[in-house]
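Shown here is one chain on its own, the form predicted alone, set out as structure tokens.
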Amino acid sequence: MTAVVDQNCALARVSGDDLRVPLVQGGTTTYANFDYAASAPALAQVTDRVQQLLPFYASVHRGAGYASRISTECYEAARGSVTRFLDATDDQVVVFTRNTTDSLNLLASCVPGDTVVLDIEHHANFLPWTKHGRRVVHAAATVEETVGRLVAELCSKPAALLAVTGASNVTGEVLPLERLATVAHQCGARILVDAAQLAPHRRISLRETGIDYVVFSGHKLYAPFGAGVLVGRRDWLDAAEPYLAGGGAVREVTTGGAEWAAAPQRHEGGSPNVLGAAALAAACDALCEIDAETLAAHEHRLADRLRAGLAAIPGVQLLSIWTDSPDTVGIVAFTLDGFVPGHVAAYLSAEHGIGVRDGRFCAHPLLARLGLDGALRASIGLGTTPADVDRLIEAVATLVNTGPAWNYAATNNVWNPTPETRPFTSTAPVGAAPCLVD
């Protein structure tokens, strides 16, 4: 089934799309969520599947009880949903983890040699690759030159793995992954793609691209229930020591040792996150129902509208890594002359009910390359509408033209309105005294 889209509406129903939030000056407004890149709200299909499974929730594997059988079936069937979503090959296995960071650290414990990375990576795809050796390549001003530098590094000395982002979590720019996979294989390496920001926005075929390993998080894929995945070739996974030694990862245990199971069970020791896996599978199934071209077109329309609107505001600087990016997902990073990013983010939230991200986005080397101590990031998702985009543009323009209507101050680099009038407990009624810690 292909989704039919009204250009004035969201592409899909997400939890919280009618959320009302308090404003510091009084009253409430509908929340405009531009923080999808940090954690996306749950799709309606995801919350429905979790609700359906909750009464049957039980420990999986080896349980004879009916609820245990149902939970086991759902947990194992979730691997099939992920496999179909990524068009994985028969030799690629699905390992459930906590999140992308967990997946990358798991794979890092299995890689039998050096890993080549770019200096633009999220910390999750930069810090783990130290066990056997991390070789850092500095991105150039263009994608073409950056690919050339990666080729030169891979050809200069054997490497086991090339680990790259699918889409930058700061600017949304996408690398030519199929081309990089070909380059890595020609140089005797494998390729890992951190798809935390790519998978929610673009369809990925492991079969067609030749990507060996991919990781992503459920909480960025509209399934915020604490699960992630590592999908990839099983030989390294079968040869490595278990990621967590414990129940479920073994075939046989004696007082003298253990016979470990093959992947994926080898790296899923302990009781698994059944609900998280089911939620992630539901998100994969729901996204498969949306036509890939429809998804990309919806996002491009909104992102282009946002970039054009922000670029027209005096003092706004849009950020990019390359001048020739072949594609960009719905992430727009920018700065505003004369304003600290945290101040702008606090203003947008307090006075307009708009949520954006500010800071260095767990990509300190990239922000340093751009000569910045911080920036603002507005990220678009399935629940974003043109009206949301226009609200953000208008709010930034108002800040530039007339300034904030409230006072703001920073404590430990965290900006807040002064005084703060909004309640900050989930059960507090709007207008109640705020529950804040200095």
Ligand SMILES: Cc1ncc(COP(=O)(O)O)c(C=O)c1O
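In this text, residue numbers run from 1 along the sequence as written. Quick caveat: nothing in here was measured; it's all calculated off a predicted structure.
This next part talks about the form predicted in complex with this ligand, which is not shown.
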May I ask you to check whether Ala196 falls inside a 4.5 Å heavy atom distance of this ligand in the predicted bound form? yes
With the cut-off set at 4.5 Å between non-hydrogen atoms, does Ala350 touch this ligand in the predicted bound form? no
Might Ser109 be said to contact this ligand in the predicted bound form, defining contact as any heavy atom within 4.5 Å? no
Heavy atom of Ser81 within 4.5 Å of this ligand in the predicted bound form: no
Identify whether this ligand in the predicted bound form is within 4.5 Å of every residue in the set Ala37, His122 and His219, based on non-hydrogen atoms. yes
One stretch from 93-101, 262-270, 296-304, 127-135 that, in the predicted bound form, holds residues within 4.5 Å of this ligand by heavy atom: 93-101
Could you check which residue among Thr165, Thr146, Thr115, Ser71 gets a heavy atom within 4.5 Å of this ligand in the predicted bound form? Thr165
